[in-house]
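One chain follows as structure tokens, the form predicted alone.
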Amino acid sequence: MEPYKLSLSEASQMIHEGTLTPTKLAESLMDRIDKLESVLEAWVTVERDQVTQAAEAATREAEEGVFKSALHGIPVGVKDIYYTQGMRTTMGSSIYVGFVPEYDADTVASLKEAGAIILGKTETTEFALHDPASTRNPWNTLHTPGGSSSGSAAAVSSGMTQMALGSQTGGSVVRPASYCGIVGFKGTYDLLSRGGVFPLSWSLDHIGFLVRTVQDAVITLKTMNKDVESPSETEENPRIGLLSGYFKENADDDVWLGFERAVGKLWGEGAEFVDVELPKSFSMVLDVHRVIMSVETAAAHEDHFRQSTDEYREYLRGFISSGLMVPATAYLRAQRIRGQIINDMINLLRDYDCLASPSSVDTAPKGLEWTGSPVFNAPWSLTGLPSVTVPSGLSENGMPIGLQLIGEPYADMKLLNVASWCEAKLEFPHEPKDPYTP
């Protein structure tokens, strides 16, 4: 097997066993990038010389029996809103096209300390909001990979890297992961540091990452936060709250049928599913999310925006303008309602190992004009609850469908254990065919 085809957990095991070197892995990934990047456009930059030097150093350490972590010698992608010392960081905007940070984001620094190799920066929508990058979906290049973590999703799905950092303020990790047939994980709100990540909306922004398997997510989370608590036992035959109502009403027929098939398979394997009724406060989720996000985005950009409005693309320009007009009282009222929604959802979760819904309203839309709707993911960004998507099947047009699981705050490892159980039962193929070029 070519090294680029390995999952992170497989590559890590082989590096520790001495049957694969970080140098060979890095070479395989960069060859894959050479083959596909002109088609997929997943990367802003790949620092080849730096990667080669870091891989050679990691290989020497491995030969001496020095392993810094399970990520030792693993090249990873970094979404282009994370500061990377000495490496261009553009935020997907012409405003920062030449910006080179003098320090690393906290998460990037922790990955380097763990022996991971920064392969390069992955494409993002402008300032991680709406206006899309040029990245294409590896399953069909006529379709979006989703956003805002567009490059990270396409790179992991197509075999350019085993793991890539993303971020989620609405649906920017879970949705693109679902669209690209991979695993996407967004932790509890403050589980991973946002230091050194350009803010979109500081009370909604979440650190996340995209990988090929749930075990890859477990390894990555444990490496990035050594204090994360593992549950006392592995989940078997989980009790899952089934979210219909709002989700059934808004899902495409293809997606809902795929969701029902996945639920039926898991039920047949022993999972207990219970239909749950969402609290009344849930009806205000999207309005509350938009008010908070628009105000905080406007605050983050206000100084530069007032001086150089025309440097922003159309959607973000309008979004910032709307946020600047929201009264302080409306913002504070939204935060108060948000507190009620959080309490109501935590109370609902107490009777279940997790909740389940489709990961997105649709499969990856055709065209590159937008990156899809976040309305199935934004509730968990608003409430700060951990969420993960596991690929569960294919639609009639051959595009991936995802199963979204939502857990209690700080029960991130328990949620991943349930996701691992579901992943094993659903038996989804974890890579597309060679990217389709029309």
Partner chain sequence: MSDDAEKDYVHMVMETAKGMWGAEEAQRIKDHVERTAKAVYAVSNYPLEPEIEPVTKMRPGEQ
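Numbering follows the first chain given and starts at 1. Since the structure is predicted, the reported quantities are computational estimates derived from the model, not experimental observations.
What comes next is about the form predicted together with its partner chain, which does not appear here.
- The chain is drawn here without its partner chain; in the model of the complex, the stretch among 195 to 203, 173 to 181, 210 to 218, 318 to 326 whose residues come within 4.5 Å of it by any heavy atom is 318 to 326.
- The single contact residue among 85, 230, 250, 343, judged by any heavy atom lying within 4.5 Å of its partner chain in the model of the complex, is 343.
- The contact with its partner chain in the model of the complex, taken as any heavy atom within 4.5 Å, belongs to 334 out of 349, 334, 114, 278.
- Contact check for residue 291: a non-hydrogen atom falls within 4.5 Å of its partner chain in the model of the complex.
- Residue contact with its partner chain in the model of the complex: residue 95 places no heavy atom within 4.5 Å of it.
- With a 4.5 Å cutoff on heavy atoms, residue 109 does not count as touching its partner chain in the model of the complex; it lies far away.
- Within this chain, residue 284 lines the site of its partner chain in the model of the complex, having a heavy atom no more than 4.5 Å away.
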